[in-house]
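Read on for two forms of one protein chain; each stands alone as structure tokens, with the labels structure 1 and structure 2.
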Structure 1
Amino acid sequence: METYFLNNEDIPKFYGAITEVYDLYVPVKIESSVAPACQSSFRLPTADYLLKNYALLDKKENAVFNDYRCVEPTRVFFTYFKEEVCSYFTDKAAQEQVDGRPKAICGVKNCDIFALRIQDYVFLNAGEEDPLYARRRQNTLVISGDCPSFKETCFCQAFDIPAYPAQGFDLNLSPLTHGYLLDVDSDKGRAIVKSLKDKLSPATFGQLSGRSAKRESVRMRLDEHLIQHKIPKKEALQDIVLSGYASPVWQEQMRTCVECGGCVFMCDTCHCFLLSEEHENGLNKKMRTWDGCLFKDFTRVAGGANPLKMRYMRLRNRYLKKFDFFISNLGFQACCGCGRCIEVCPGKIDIRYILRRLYEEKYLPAH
């Protein structure tokens, strides 16, 4: 990995070099006055970041560096909400689907990169690659960044996921006072850097230690913020969801669930989908649509039997999938601590609280 320094004033040129090859998506700040319900002593930010197509921005200066993850889960760039995965039994020539120019995504955070490991596991499974996902994953330029701040709902660090990426990106930006350190970790990233050579200087020792100090400061602040939530360590997760099968927490927490599916659709690690069929313009199509285990027919079979009849069973199922299934099969949990599910939930169902309850019921039964 190579690390360079990029001046603030050269950022437009950096974007320009990317747009030569890619459709660039950049974070745009959306102000919000909704104060987070939080007992933390920090003044936590309330603004959000949305990803927008850079070429379509009215004011290019609206493209900003995001201090924490964007609203959209990164997976929206790799599988779409509803799309055709194949057309078949037709006389018409098979049309190779075209996505247009490859995309570059700025504003990716380490939680998103962690979540992409789950998506990769599902969709790039050896011998059974999902062709659309594989092509998009291969062509997309991932430009990540350190988190110099965090939202109230951020809890990556509770699972030992640092608030800055160390791998899994093409390019990574670490903000310093007058510019950014730019890490380059792939040939796609190197191709961009090559066209910017005169704007980049190798990172100095001072800049590197400045970055380390900033990262350490965020780590300490986030740790302090997370103390109040008492989130169990990742090593305990599988154990507590299994032993908490009969816990009252599921019934209790599902009371406010309105089955909107927000938690599963905003989740960066959720991947479930439904294959369905459509007939259009003489073509038979298999469509892949995002699905979610919080919906009542998710596990229903012909004849009407449904193992997850009740909402509390579906809520519990979601945790078993994330913290039992994935830990058993992949070695780590399917939760990156991005907190999007907490933020989106109109029923105020909070994953941090549920995990804490499961832990306390197992280890502090007198509680």
Structure 2
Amino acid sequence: METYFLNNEDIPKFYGAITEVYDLYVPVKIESSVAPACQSSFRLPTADYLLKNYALLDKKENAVFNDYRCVEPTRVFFTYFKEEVCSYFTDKAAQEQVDGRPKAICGVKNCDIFALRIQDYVFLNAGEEDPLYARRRQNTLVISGDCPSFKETCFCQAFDIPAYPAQGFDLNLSPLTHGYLLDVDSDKGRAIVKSLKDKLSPATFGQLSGRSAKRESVRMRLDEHLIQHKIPKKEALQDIVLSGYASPVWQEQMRTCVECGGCVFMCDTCHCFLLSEEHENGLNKKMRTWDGCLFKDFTRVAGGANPLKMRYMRLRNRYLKKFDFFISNLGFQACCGCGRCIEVCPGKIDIRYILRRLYEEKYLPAH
């Protein structure tokens, strides 16, 4: 991996080099009216970041470096909420017509990179390869970035996912005082860097040391923030979810659920979909639509029976999938600690609270 220094004033040139090849999506900052659910001993930011096409930004919108993950899960670039799949699985020209130019996503964080490991397993490595997903992954430039800060709902570090990436990206930006350290970890990234050689200089020891100090500062602050939530270590997740099968927490938490699907649609590791047919202009189209285990019809079979007919059963099944199935099959959980599900839930259901309850019920029964 090569590391360079990029001055702040050369960021537009950096974006320009990318847009020569890719449709570039960049973070735009928006203010949020949602107050944190609880406070750390220090003030946490509440603003959000949205990903927008760089070429379509209006005069009031500025591309920024996002201090933490964007609102959208990164998977929206690789599996669309609703799309036709039949002819595009075999017709490469049809795929290109649908997807257009290759895409570059700027602002990807380490939680998102971790989540892509789940998506890759499902759509590339679980027996059958999804050609639409494979093509989009291959043609997407992933530009990640360190997290200099975090939101109240962020808990990646509880699962040993640091607030900066070490792999899984093409380019990575680490903010310093007057610019960024630019890590290059793929041939796609090197092709971009090649066109910017006159704007880049090799990273110095002082710059690398400064980045390490910033990363350590964030780690310490995030550790302090997470103390209040008492999230179990990742090594205990499978055990507490399995032993908590009959826990009252499932029914308690489902009392405020309105089955909106926000948690599954905002989750960066969720991947379930429904195949259906639509009739248009005398033709039947095979459509793929995002689906989720918290919907009551998700497990309903043709005869009408439903093994997960109650909401609490569906919530429990969601946790079993994330913290039992994937740990058994991949060795790690299907949760990246991004906290999107916490923020989007109108019922205030908090995954951190549920995991803590399951742990306490097993190991601290007097609570």
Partner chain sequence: MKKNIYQPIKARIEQVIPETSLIKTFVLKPESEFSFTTGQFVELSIPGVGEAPFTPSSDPAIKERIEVTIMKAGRITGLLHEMQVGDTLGLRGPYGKGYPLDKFKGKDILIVGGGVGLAPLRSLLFSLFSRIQDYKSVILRYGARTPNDIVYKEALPQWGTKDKVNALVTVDVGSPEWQGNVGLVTTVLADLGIDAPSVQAIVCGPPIMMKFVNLKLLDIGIKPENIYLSMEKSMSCGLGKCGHCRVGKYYACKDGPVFTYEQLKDIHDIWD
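These numbers were taken from a predicted model, which means no experiment stands behind them. Here the rigid core means the biggest group of C-alpha atoms that line up within 1.5 Å when the two forms are laid on top of each other. Here, a residue number simply tells you its place in the sequence of structure 1, counted from 1.
- Of the two forms shown, the one predicted together with its partner chain is structure 1, not structure 2.
- Comparing the forms between the two structures, the C-alpha position of Lys309 differs by less than 2 angstroms, with the core used for superposition.
- Relative to the superposed rigid core, the position of the CA of Lys60 differs between the two structures by 2 Å or more.
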